[in-house]
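Only one chain is given next, in structure tokens, and it is the form predicted alone.
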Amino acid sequence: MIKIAIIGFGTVGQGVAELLVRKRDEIEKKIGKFKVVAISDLTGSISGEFKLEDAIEIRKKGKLPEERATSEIVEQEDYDVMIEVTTTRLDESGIAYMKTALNRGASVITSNKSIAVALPDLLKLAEKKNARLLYEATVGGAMPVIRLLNSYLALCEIRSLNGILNGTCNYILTRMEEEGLPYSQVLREAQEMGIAESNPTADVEGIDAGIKLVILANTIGIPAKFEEVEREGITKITPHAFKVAMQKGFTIRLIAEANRRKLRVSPRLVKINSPLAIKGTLNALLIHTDTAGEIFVAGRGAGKFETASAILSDLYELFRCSGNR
């Protein structure tokens, strides 16, 4: 029996739980029987004997019933894998629960981009404790980029990565391109639609894309820190800039780029027929390799079930490899 603890029970955590309920038969055919033994978030916790369906309904209506701190759940509960889906905080507190779990020999599956502050160290800790850290959901939502880099392209030299790693920015730029609207108007409409946050700074200033770029760079063996990323957002782009670009066969996209010389997130001219000229809220990554040529992948970079599906893919990867049946 695989014992799972879910840490963080907001949108993504509930999405994971809902998929575990909905797809239980299919999941158990693939990896064996599982049980969620504890759930914890800022509202409270639940542990012991409970039905996952009941926990979902309780949380939707309010707080989880127990007052045990999350740190206590992480330190004391008996679990094989911790699904850590708390909010990104770019400091050591953002990865504290992961370190606790790994030190206990439990594996960690996470969507928390806080791993950007210490990914190499976390991977070394996992190896030392005979556990695993899986983080497909940190970059690109349902877009399978981490396993692509780590597994399918493991014996390739990754020469560079170029990607669109923030769907909010891509949506704004697409609207500006297609409708000739000013940035401020499109941002306001995106906020009203729920595509952009009320405080959009992390997205529109390239912070979110920069964090994801650091994760990707470390994944392919380029030591990287967020402070090293050259970063420029999209707030100064005008409809006129799009008009000039389009006349020359280009559009403008916020491109995250990593190679052995630099890490950069900035608005760039992209040929209209380039695969990176994608529209709407999609994310994309163009991978340049020595032996496999160029590989392109695109998909929805965020969303409740898109991110949860990436979590489940890591769950499958973890226990498929362990032979747990």
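The first residue of the sequence shown is number 1, and the count goes up from there. A quick note: this is a predicted structure, and the numbers were derived from the prediction, not measured.
Keep in mind the form predicted in complex with L-homoserine (HSE) is missing from the figure; the text below concerns it.
**Student:** Check whether L133 has any heavy atom within 4.5 Å of a heavy atom of L-homoserine (HSE) in the predicted bound form, and answer yes or no.
**Tutor:** It does not: once L-homoserine (HSE) is placed as it appears in the predicted bound form, L133 has no heavy atom within 4.5 Å of it.
**Student:** Any chance A101 has a heavy atom within 4.5 Å of L-homoserine (HSE) in the predicted bound form?
**Tutor:** No, A101 sits far enough from L-homoserine (HSE) in the predicted bound form that none of its heavy atoms falls within 4.5 Å.
**Student:** Looking in the predicted bound form, any heavy atom of K212 within 4.5 Å of L-homoserine (HSE)?
**Tutor:** K212: contacts L-homoserine (HSE) in the predicted bound form.
**Student:** G206 versus L-homoserine (HSE), in the predicted bound form: is there a non-hydrogen atom within 4.5 Å?
**Tutor:** Heavy-atom contact with L-homoserine (HSE) at 4.5 Å: absent for G206.
**Student:** Exactly one residue in K113, R147, R175, R231 has a non-hydrogen atom within 4.5 Å of L-homoserine (HSE) in the predicted bound form; which is it?
**Tutor:** Result of the distance check: K113.
**Student:** Identify which of T86, N166, N162, T219 has a heavy atom within 4.5 Å of L-homoserine (HSE) in the predicted bound form; exactly one of them does.
**Tutor:** None of the others qualify; the residue that does is N166.
**Student:** Among 167 to 175, 151 to 159, 118 to 126, 235 to 243, which stretch sits within 4.5 Å of L-homoserine (HSE) in the predicted bound form, heavy atoms only?
**Tutor:** Going through the listed ranges, the match is 167 to 175.
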